[in-house]
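The C-alpha cells that follow cover one protein chain in two forms, given apart as structure 1 and structure 2.
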Structure 1
C-alpha cells in the first residue's frame, strides 16, 4: 500500500515540459531550427532471468530511435532512449514506471516483457497519461479486463497498447496444433504461477480438453527453481504423451533436460516465453523435438525486417532480436510517428507537458502504418490488429518454423 500511494502521488506530478530544448547554441539541427530532445522509455529485464529477450526489446527500440534520428523523421527533434532494468520483478517495474513518469523528457514507454510486471505499471502510466506499448505482453486481462473470458470485455487503461497478440489466441493455437498437428491425446500441464505462465497454461488446458484431449495431471513450480525431480516423477506417472508449460525459458530449459535424463522421452511444448536460443543452448540435445508458439511470423522471413536484422547483428547487440526485437522496433515507431503527426499538425511546434503526452496517447491509438513485422494498428482495447502466430520446433539444434497462421477459435 505504501508503494502504491507513493506511485500515485508521483504519477500526479504536474509536468512543466515534455522534451527539452537543447541549450548552449549547439542544438541547431542544421535546418536553422533548435533541436528538442525527446525520450522514449524502455522497461524490460536487462539482467538476470529473461534478460536475453529483454535485451532484444531494448536494442529493438534503440535501432528505431537511431533510424529516426538519421533520417530526421521529425525535423527539429532528436530522440533518445532511457532503458530501465525491471529484473522481471513487478515491484521493480512499478518503481521504474514511477521514475519514467517523473522524467519530463519521456513521452512514451516501450515494455515491459512480462505481463505480471505490466500489471504493476499500468495504473502508474495511466495516472500521468503516458502511453505504454508492450511488444510482448500476452495476458488478455491487460487490455480486455478480468472478465474477458465470460465475454464481458472492458479496457482497463486507455494508455496501454501492445504489438503482440494475446494468449486467448496463442493458447488456442497451441492446443489446436498439439491435438490435430502433433496428434497428442494426453497432456500434463505445468505453470510457473506467474500472470503470463498460469494464464497461458489455463487457456491451453481448456482448449485442449474442448478438442477432445485429456489432461493427465497439472502442477505448478516456482520461478528460480532448479531441481524438478518431483515434477518429473509426477509426469512419468501420468503417462502423458506431451508436457505443456506456461512460463519462461529459464525454468523450462531445465525441466526438459531433467525429463529426458529420467527417460521421459516426450516433447515439451510452451509459449513465446520459451522461444529463445538460450533454451536450446542450455537444454542441449534434450530440447530436440520440443515445440513453442510465438507471436507473428518469423522475423527472418520478413523482407521489411532485413535491414533491422543486419543492423542488430552488425552492432553486436546482446540478447535476441528474433522474439520481440521487431515488435519493439515497431512499437517505438508508433510513438515516433505520433510525435511527427502532432508537430506537423501544430504549425511545426510541439506542445509541452501534459498536452504532449495526452496527444501522443491519442495518436498512437490511431496508428496505421506498415512496420517491419506487418501492419501496426490497434483495436478498441489497445490490442494489435496483427493476429499472426507461428509454431516453432527444435530441429538439429535450432528453432525451425513449422506452421504460421491465425487462430479463430
Structure 2
C-alpha cells in the first residue's frame, strides 16, 4: 500500500512538473502583453487496434496548433494540446471527457475517432458547454438524433460538431457509383442487422432501385458468424453481378473469401466499416476488385494540404494522416479561429472560464473558412457542409482511391 501511495504521489508530482514547464514560466495573469496559454484537448485511440488512425488525429491537431503559434494567429495566446488515449473504449472516452472538462485551460476538444465513443462523451461536454469537433464520426444519430431515418431530425447536443460527413450520404453515393460507375444491374444486399450496417444497406438498396437497378435478393447475418457457405450458395443462385454489404470488415472479409472460393467472381461493395488494411490481409487475393465508400477525401489528393503533409512527414510523426489528419487539422483550426474572433470582438481581451467556453461553442457554429480539406462550415445540426466522399477499390492488394466526389442525397 505504501509503495502504491508513493508511486501515485510521484506520478502526480511529475505531472504537475510537466504542466508548469509547458506554461514556459510566463505567468498566468492573462492581461497586458503576457501570453495566455490555451489548451485544445484531443481524444482518440492512441494505443491498440485503431491507434494508427488515432495518432493521425493527434498529430493533425498538433500541426494546427504549431502553425497557429508560429504565425501568431491570435496575438498574445499560445496554444497547446492535451491528448488523451481512449483505447476505442466508450467508458475510457467518457473518463477522458470528464478530465478535459475539469481542466480549465481547455476551450475545445477534437475527437474522438469512433462513433460509439462519441456517444458516451457528448453528454459530458454538453453539460460543461465545451465544444467538441470530431474529424471522423459518421453515425448520423450523433448530430441528427435517434429518429433521423424517419425524417424527424433533432440535434441532441449543441456542443457537438464534425468535419466528416455521415453514413446517410454514403449509401446513396455507393448506389450511384455501383449503377453508373461500375454498370452493375443486379445486386444482392447483405447486412449485419446493426444500426450502422442495416441503415447503410437500406439506403443503398432504395437508391439502387430508384436508379433502375434490380435487387436479386437480400439476407442478414449475425456479427461474429464465420461460416457463410449457405449465404454464398444463395448469392450464386441469385445470379447477381454485385454484392453490397452493410457492416464491418470482420464478417465481410470472410464473405468475400468464401464467395470467390465458391467460384462467384463478383465484387463485394461496402461502407467505411470495411475500409481497413485487415480486410485485404485476411481475405487475401479474394479481396481484389472489392469496393468501399468512405467519408472524406484522402488528404494526399488535396492541393491545399500539401504543406500539411510535408510537415507531417518532416516531423517524423507516427500514425496515418491519410484519412482523418486533414479533417483534424481543420477541426483544430475551427477552434483556434473561434478564439481569435472572440478576442478581437472583445477589445483584445479573452473572457475567462465558462464564458469563453460558451462563446467558443457559438463561434465554432458560425465557422466559415477555407480549410485544407475544403470549406469548413457547419449546418444547423453541427454536420459539415463539406459533403465529400471517396470510392476506394482493392488494386494489387492495396486500397486505392478511384473516385472522389460530393453527394447531397
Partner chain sequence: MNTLPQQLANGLLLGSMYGLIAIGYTMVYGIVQLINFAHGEIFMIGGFGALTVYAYVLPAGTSVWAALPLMLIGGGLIAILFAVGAERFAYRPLRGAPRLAPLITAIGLSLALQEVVRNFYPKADKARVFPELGKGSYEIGSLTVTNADIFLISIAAVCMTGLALFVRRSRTGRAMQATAQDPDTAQLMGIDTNRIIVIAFAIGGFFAAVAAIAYGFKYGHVEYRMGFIMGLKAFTAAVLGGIGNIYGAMLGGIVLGIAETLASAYIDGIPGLQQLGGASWANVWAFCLLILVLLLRPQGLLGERVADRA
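Rigid core (definition): largest C-alpha set, two forms, superposition within 1.5 Å. This is a predicted model, so every value here is computed, not measured. Positions refer to the first chain, counted from 1.
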query	finding
Of structures 1 and 2, the form predicted in complex with its partner chain	2
Domain reorientation between structures 1 and 2, expressed as the smaller rigid part's turn in degrees	22
Residue 271: CA movement between structures 1 and 2 [superposed on rigid core, Å]	3.5
Shift in Å of the C-alpha at residue 286 between structures 1 and 2 after core superposition	5.9
